[in-house]
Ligand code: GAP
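Take a look at this one chain, the form predicted alone, written out in structure tokens.
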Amino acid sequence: MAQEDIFKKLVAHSKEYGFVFQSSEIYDGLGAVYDYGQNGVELKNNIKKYWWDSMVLLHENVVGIDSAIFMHPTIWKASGHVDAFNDPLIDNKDSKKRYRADVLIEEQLAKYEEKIDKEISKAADRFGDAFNEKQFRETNPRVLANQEKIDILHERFTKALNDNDLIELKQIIIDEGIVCPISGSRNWTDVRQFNLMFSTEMGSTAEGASKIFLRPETAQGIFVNYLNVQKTGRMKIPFGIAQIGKAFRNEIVARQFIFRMREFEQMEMQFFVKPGSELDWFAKWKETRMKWHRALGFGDDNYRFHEHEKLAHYANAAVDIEYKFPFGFKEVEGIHSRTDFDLSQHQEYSGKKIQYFDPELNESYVPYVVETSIGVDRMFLQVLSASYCEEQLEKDSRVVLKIPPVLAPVKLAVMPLVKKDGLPEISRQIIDDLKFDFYCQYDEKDSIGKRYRRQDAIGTPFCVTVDHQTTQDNTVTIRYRDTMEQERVAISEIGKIIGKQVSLKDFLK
């Protein structure tokens, strides 16, 4: 099945089973804004807890805060967002659709890479175990021709980005013959910059209102609280401040479901270090964060590092962790060495001294910062994409979300075989005993087979069936989602069996 078709099914599945809804749907929706349903919010909360505990509980020198969404407007001037938080946009005159120029070019690079991958895949099938991929890449004419196109385009694209050359970006689009996906035409406008911040007004009267912004990132809330946390927590460098919170960007080209939204949630940690040590810490956090992703078991080959073509104005090193979504490798987390830019800027604009006195060096300095920033919504989409599975069985088929049990929205479904003979009461008692440990669900509607399929579709890792034998020996049938195997266990053992599999403590260890 085409990856595009899989993605469409995933979007439909998300709505049908209570994961994600279009915001304001009864009013025909609001573009690029989504609500999380009853199963979606549980999965989202589990992802956030996995990140928070791995970041804050496991690191003695990382603490958390929760800063306000509304912030003093001068903060965004100091951070550079007022002047430099822009995307290069281009319109197609025929379809009237707007696109990010850099994304169009990145997609063109990806097309060349796909051509190479197809050649390698065909050759691997043809030659089997005797296939030498390295030699094939270095000698095959079609692979070499496409690689040359990649190298030339990459060099030209990088230079245009670094020079902020909008004319050259358009010329690249023209020279590459990039067409509008809607109209198929090459009738493009000039490229221009568009600031992504939402603005609003604060004040009791229209005349006395002041212009403020909805924060486009959570990081600045950490930077302006650096002194508060460092002093009240008696923190010694190196140390980090973590935060989970909403951010807002007026994305003109918002698409691919919840991958790019106007209201989204970030999990960010700013790690403050001694100047000169930042690149060592950058390398350490790069490795640590990749391990965190791969621990979920979605396949190491589905992750890769992507070095930035253009460094942000504040960075001296930057890399993305990309995951292979149905629509290609895309960023899920950014790791940046932000130097001392942010704290120095806030020191200058606020007039307050923002420094750290290092007792070992007996001197004060503005700390450097290494940032890890991950989108909760993108992580959510990654988990769904990796977990979605259509399986053909002997007599029928099933759609199952093989979500890691530690993240699964519902951990256990308890089902009475019939709605009589005391079986519902026993089922309810099992839930009452276990609901303090993990999220349980009671399900008595439809045949037992349909109930299994329903729980498979939301990713419930364990189902317990209470039958007439239960009334005689206090045993139940426990059914495992991924293998569909069943076994008879004592009611008293259910908590231990499931608890071990869904324990975040054991998973983090």
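Start at 1 and count along the sequence shown; that's the residue number. These figures come from a predicted structure and were not determined experimentally.
FYI, the form predicted together with the ligand isn't displayed, but the following is about it.
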property: Of E119, E331, E106, D91, the one that lies within 4.5 Å of the ligand in the predicted bound form (heavy atoms); result: E331
property: Option touching the ligand, based on a heavy atom within 4.5 Å in the predicted bound form, out of N140, Q266, Q256, Q347; result: Q266
property: The ligand in the predicted bound form: contacting segment from 371 to 379, 174 to 182, 71 to 79, 224 to 232, heavy atom within 4.5 Å; result: 371 to 379
property: Site test, L384, K402 and Y442 vs the ligand in the predicted bound form, non-hydrogen atom cutoff 4.5 Å; result: no
property: The ligand contact at Y314 in the predicted bound form, heavy atom, 4.5 Å; result: yes
property: R215: touches the ligand in the predicted bound form, heavy atom cutoff 4.5 angstroms; result: no
property: Exercise: M261 in contact with the ligand in the predicted bound form, heavy atom 4.5 Å; result: yes
property: Heavy atom of E309 within 4.5 Å of the ligand in the predicted bound form; result: no
property: Residues within stretch 291 to 313 having a non-hydrogen atom within 4.5 Å of the ligand in the predicted bound form; result: none
